[in-house]
Every structure is written in C-alpha cells, then in structure tokens.
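Next comes just one chain, in structure tokens: the form predicted alone.
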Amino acid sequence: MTPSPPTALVTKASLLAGLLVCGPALGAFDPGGFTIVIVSTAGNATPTNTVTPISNTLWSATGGWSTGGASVSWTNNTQGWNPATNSGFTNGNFVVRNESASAQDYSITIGMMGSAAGPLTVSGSVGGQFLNTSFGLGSLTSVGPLWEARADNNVVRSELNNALFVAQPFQVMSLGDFGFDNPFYEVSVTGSVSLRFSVRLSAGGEASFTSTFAFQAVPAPGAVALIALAGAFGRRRRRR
C-alpha cells in the first residue's frame, strides 16, 4: 500500500461525558468526546458530522467525508464511562467507497477521548462485505491489519491482517465475522480508545463494516472480598 500524506482531518463534538465516581476504575471521558480522523490518497476534505446526545454518557454520530471520487460515511454510537455499569464502548457502521478511476488507500480512526484505570476486560467484533461495481476484477486489500482496536497507542486486538479479497464484476463478497470476548487488559487507558480501519479499494470498490469495541472494569480484590462477605452475611441472616 502506498503511504498517503500525513494530513489528518479531525472533527470533534462537544458533548456531556460520563464520570465514574465509585468502583475500582476511576475515570472520565472529556466533553470533546467523539473524534474521527480520515487520511486518503484521494485527497483532503473536511468531514461533516452530526452528533446527537442520547444520555449523559451516550451519543450518536452520523457523518460523511468525500473527495476525488472517494468517500466514507458512518453511523456510530459511543458511550463514555458509565458509572452505573463501570463500562464503555464504541460501535457503528462504516461504508467506504471508491468511485474514482484508480485504487485508493484509506485510513479511518474513530474513537472517544478520556481515561479509565485498569485492570479492564475488553471485547469487540468486526464484520463486513465487499462489493465490486466495476466491469473488471476488483480487490480489497490491506498491508498489516485492516481493523484494530486501540487503547491509547496500544493495539489491543487486530483482525483481517494482510487482507486480500478479489471479486468478479458486480460480485458481493463476505469479509467474515470476527470477535473476541473479555481478554484481560491490565494497563489503564490514559487518553482514548479507538477503532482504526486501513484499507485499499480498487476502482469501483465499496466496503461496508460493522464494528464494536467495549471495555469493562475488573473489580479490585478488596471489592471482590466485600461482595463475597456481603453474600455470606446475607446467607447467614436467611438461615436464622
């Protein structure tokens, strides 16, 4: 994949974010909240993004970006740290199109800014399909991971590594569905959690993805002991 110029286009939405005030993972996601960065060999453009708060910790973002026959659109839900559940997530649907006459590279990073003290467990998934709208063979490729889930600058999980899909004219291909559940992540999040897509589409290519990245606080040993003690005390009272 030919590297593109390091021009990052960022949209931020000022929203209310959650503040964890109890439990083992004291953290917060700041009001800047949602970010999207798009870099493409097709050129530079400014994304448009509409953000709708759903609650104090949850918002929905819908937007698009296009230039030189290349485009990206998204509908994404993001929850900052929720004090009721000691958890947070980002998920959404992304469509990447190449209506230009040549192959184009795309790098898309979407995430939320903030912090959460470890240890955490993380889970996530990615799936999608590739449509070739051209009269010749079409391809979807990636050098390295097509999809990454990140905590700060650390890659927690990657999928579709060194992807290669070749489609006949007007063929739709499944990219598969990949998921992971609750691996232990000991390090705290100090800046952001995000999803990153890196993909090359041939002329007339269209790719759509559904993706999730979630994290959950792990109770501290003292909290676990207190829960166990409370359970034992309750059982003793019921026996009396």
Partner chain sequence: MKCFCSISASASLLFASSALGTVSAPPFSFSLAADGIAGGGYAADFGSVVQTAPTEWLFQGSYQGNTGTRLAWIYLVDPDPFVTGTFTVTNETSASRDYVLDFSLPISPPLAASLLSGQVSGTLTDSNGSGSALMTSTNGGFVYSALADDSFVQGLMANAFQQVTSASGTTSFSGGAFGFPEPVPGPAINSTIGIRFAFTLSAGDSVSFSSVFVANPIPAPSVLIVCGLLGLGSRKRGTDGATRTDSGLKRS
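Because the structure is predicted, anything quoted here is derived from the model rather than measured. Positions refer to the first chain, counted from 1.
The same protein also exists as the form predicted together with its partner chain; that form is not shown, yet it is the one meant from here on.
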query = Among Val95, Val155, Val143, Ala101, which has any heavy atom within 4.5 Å of its partner chain in the model of the complex?
reply = Val95
inquiry  = Looking at Ser87, Ser107, Gln129, Ser115 here, can you tell me which has any non-hydrogen atom within 4.5 angstroms of its partner chain in the model of the complex?
reply    = Gln129
task = Could you confirm whether Thr48 comes within 4.5 Å of its partner chain in the model of the complex, counting heavy atoms only?
result = no
query = Does at least one non-hydrogen atom of Val37 fall within 4.5 angstroms of its partner chain in the model of the complex?
reply = no
task = Using the partner position in the model of the complex, report whether Ser60 sits within 4.5 Å of its partner chain, counting heavy atoms only.
result = yes
Interface membership of Thr212, its partner chain in the model of the complex, 4.5 Å heavy atom rule = yes
request  = For the heavy atom contacts within 4.5 Å of its partner chain in the model of the complex, list the residues of 131-157 involved, in sequence order.
outcome  = Leu131, Thr133, Phe135
